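Here you get one chain, nothing else, as structure tokens; it is the form predicted on its own.
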């Protein structure tokens, strides 16, 4: 039998053909393959099906992101017309009340944008409202993350990035607020000059470095302009990108419920559902911001006039997010040291620089402090209901109350004039309130959380009230309770409860033990399976099919 001829691939007479691939059948195969070989396009495309949970509280972060986009878009328009110069000129624009008044080119260009550039005033106001919304949305987003425990492992780094975004947002807002060089913003700039000069030993040198000489100098507006349009936006873009990248890497947190664990995510895919919803929400935010800019006047600089160091606007107030610093300085006692030829102005440094440093340092370190107190080193992808973490919730509300007291103190003169009370009385009251009100807020908040825990336990054991009152033949009144569904009962009993640390062979200091017991104190124990079974049996015997509960104090005198 003859052997088949051996095929030689190197033979010129032999042509080896490979079957056509799907890439060759597409005209886009070449460019797509080229990009995929270099940046891993296929892997990036795989993320379009990533799942995101659907809950209204997650939209707070999106509002901050969309506000930042609006700021970038409107900022480009304003950059074209604004002149960051402190050179003095005589105003010759269309606003007659300030014509021939000497002012800086920065203020004159702001008036020009407001009155002579088509749509300029609208864009200015949209930009200012978007800045307000940006900081407010970041604040609300961070509060949501804090109260739900979304900062815990493995998201501590993302929390720190969020704190950095928040602090830079305040600096960015102040820089933009100061650029018009009007009398109100100049007063705020003078306030910051005082903060810088209060820094012990190096304050005067730092002031000369920032302002290029004595206040106000001729360089601060151009420097703030570069900070506002280049430095801080670049840092914000970088941090936002890192924040979003870590969000994708760690997966999104979600609320507890049936089928939801620390190992899965329930929600909608990024494309097309989430993209469509996010796009629609962006235009809603944009539309509301445009409406606010068109209807609500903000920062009418022509009413304040150009900045003059010898003048101060009556009743001047900073933007809301910086009001707490001014309030702290207004109510601080006059504490100063005079050492040799130096003056140490603790009455400005401590409530100004010290308070902001304490705020941001405390926020950044809190995830690690809580983990140290509780000894919790596990990963968390399920969120806490605020009531199930009463101490953390109390701390958060106490911080909000303290901020509110400082913020109110920043308007002590307005409060005194509007309510016809003594300015000194308001100041003395606020000095006490900033310490007393947060403590009261913590105590009340913790008690409310524990009461809500008891209410949840009662619902699991005895069902929900039906609001149907029935009178029996003996004259007693009862209310039919509707048993909870398994899904709702599971959700109400899913949360972990912190326990006080026990040494157990590991050295635990006395301070840590005390803080651990304080953190876990008062927790309402979750109902056990035996308690649920007993409650169901007792309810069936007492109320029959309707599971009726006899109300305490009814005519029959029976009590459940």
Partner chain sequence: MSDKELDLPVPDPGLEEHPPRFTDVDPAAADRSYRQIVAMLAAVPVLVIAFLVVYFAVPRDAELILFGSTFKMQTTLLGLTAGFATLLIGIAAIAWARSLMSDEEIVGERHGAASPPEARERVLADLEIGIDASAIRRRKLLGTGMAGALGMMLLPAVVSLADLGPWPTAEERAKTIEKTIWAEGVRLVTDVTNVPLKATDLVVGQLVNAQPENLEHLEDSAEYQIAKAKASIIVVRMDPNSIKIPESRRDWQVDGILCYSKICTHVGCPISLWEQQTHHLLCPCHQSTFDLGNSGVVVFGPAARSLPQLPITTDAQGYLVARGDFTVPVGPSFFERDSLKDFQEGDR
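Positions refer to the first chain, counted from 1. This structure is a prediction, so every number in the text was calculated from the model and none was measured.
What follows is about the form predicted in complex with the partner chain, which we do not show.
Looking at residue 342, you'd find a heavy atom of it within 4.5 angstroms of the partner chain in the predicted bound form. With a 4.5 Å cutoff on heavy atoms, residue 381 counts as touching the partner chain in the predicted bound form. Shown alone here, residue 454 lies farther than 4.5 Å from the partner chain in the predicted bound form, counting heavy atoms only. Among heavy atoms of residue 187, some come within 4.5 Å of the partner chain in the predicted bound form. Shown alone, this chain has one stretch from 439-447, 470-478, 262-270, 355-363 that lies within 4.5 Å of the partner chain in the predicted bound form by heavy atoms: 262-270. Residue in contact with the partner chain in the predicted bound form (any heavy atom within 4.5 Å), chosen from 212, 222, 483, 233: 212. Scanning 75, 93, 200, 164 against the partner chain in the predicted bound form with a 4.5 Å heavy atom cut-off leaves one residue, 200. Residues are counted as partner-facing when one of their heavy atoms sits within 4.5 Å of the partner chain in the predicted bound form; in 416-433 these are 423, 424, 427, 428, in sequence order.
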